[in-house]
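For reference, the chain that follows is the form predicted alone, supplied as structure tokens.
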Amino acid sequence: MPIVFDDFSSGHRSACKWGEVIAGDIRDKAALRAAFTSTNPVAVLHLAARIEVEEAERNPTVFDSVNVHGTENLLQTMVAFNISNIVFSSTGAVYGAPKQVPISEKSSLAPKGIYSATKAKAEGLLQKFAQDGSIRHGIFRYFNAAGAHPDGDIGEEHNPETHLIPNALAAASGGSALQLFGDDYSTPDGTCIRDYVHVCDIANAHILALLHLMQGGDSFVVNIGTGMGSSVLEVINAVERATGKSVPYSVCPKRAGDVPILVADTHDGKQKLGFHAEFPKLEQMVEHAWKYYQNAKSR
């Protein structure tokens, strides 16, 4: 059974459906050691991080503390308890503005902001701890996580919400108009193109990664995406089809650091882990997110 260790600064206890839940801060070494002592884990899935890009620019010290030093605390605790296998949630943003798309794992890292820089530093820590053989790691560079569980029970619920699909659903449901950051990019419709990947596919990738590592597989770094890109306007159109409602939006200035196209090369994930997306279509992600949105609003 899984064991959840979370400070619930942005997560929700209601999303913890299985296993034991321990409230704690990854920066607290004593709390980590107590959790390892009481539960005796066999491997670690490291998803704890501050992720909001704009907040990172305002509060770089906090992001460094959680994303970098928190990761170091966790790795030191794993070594102390002889736990060798870890799967780490990184981000495709570590590539910055790549010269070639789709983006392969061989692309140079060139993070453009504080958030992606802290993720790149955390990746470096994992690779450092792996040098003496005490840690074997899987690093997942997510592209744009999207969707919800198909039954509508678990989904995105950030405060404030900054992700495109839930904000488009809110706008379609009578909320504030969606902010569209730039419409003159060098893309077919002028809006940014991103690779959206279903959260259930991300979860399945973690299971494949754990099996790979626990069966003696080598450390790895792979992208998690679909290899297909969708523009902001295509997402808006998908939301309108799913909801049967229009999505009001206003065009705002471009955000610093946004690049026209980010799409993953998914070859390595297929080859190393046998990863294939079960829900690769944008329409599926939007439909599942819409089901969750409706259920959440009815609670």
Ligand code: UDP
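On a predicted model such as this, the values are computed, not experimentally measured, just so you know. A residue's number is simply how far along the shown sequence it sits, counting from 1.
Omitted from view is the form predicted in complex with ligand UDP, to which the following refers.
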>> Just to confirm, with a 4.5 Å cut-off on non-hydrogen atoms, which of L208, L164, I135, I114 contacts ligand UDP in the predicted complex?
In response: L164
>> Please identify the residue among C192, L169, L75, V222 with any heavy atom within 4.5 Å of ligand UDP in the predicted complex.
In response: C192
> Any of the heavy atoms of Y95 lying within 4.5 Å of ligand UDP in the predicted complex?
Replying inline: no
>> Contact with ligand UDP in the predicted complex for V232, defined as at least one heavy atom pair within 4.5 Å: yes or no?
In response: yes
>> How about A120 - does it come within 4.5 Å of ligand UDP in the predicted complex, if we only consider non-hydrogen atoms?
In response: no
> Quick one: does L180 come within 4.5 Å of ligand UDP in the predicted complex, counting heavy atoms only?
Replying inline: yes
>> Please identify, from 65 to 73, 22 to 30, 251 to 259, 38 to 46, the stretch that has a heavy atom within 4.5 Å of ligand UDP in the predicted complex.
In response: 251 to 259
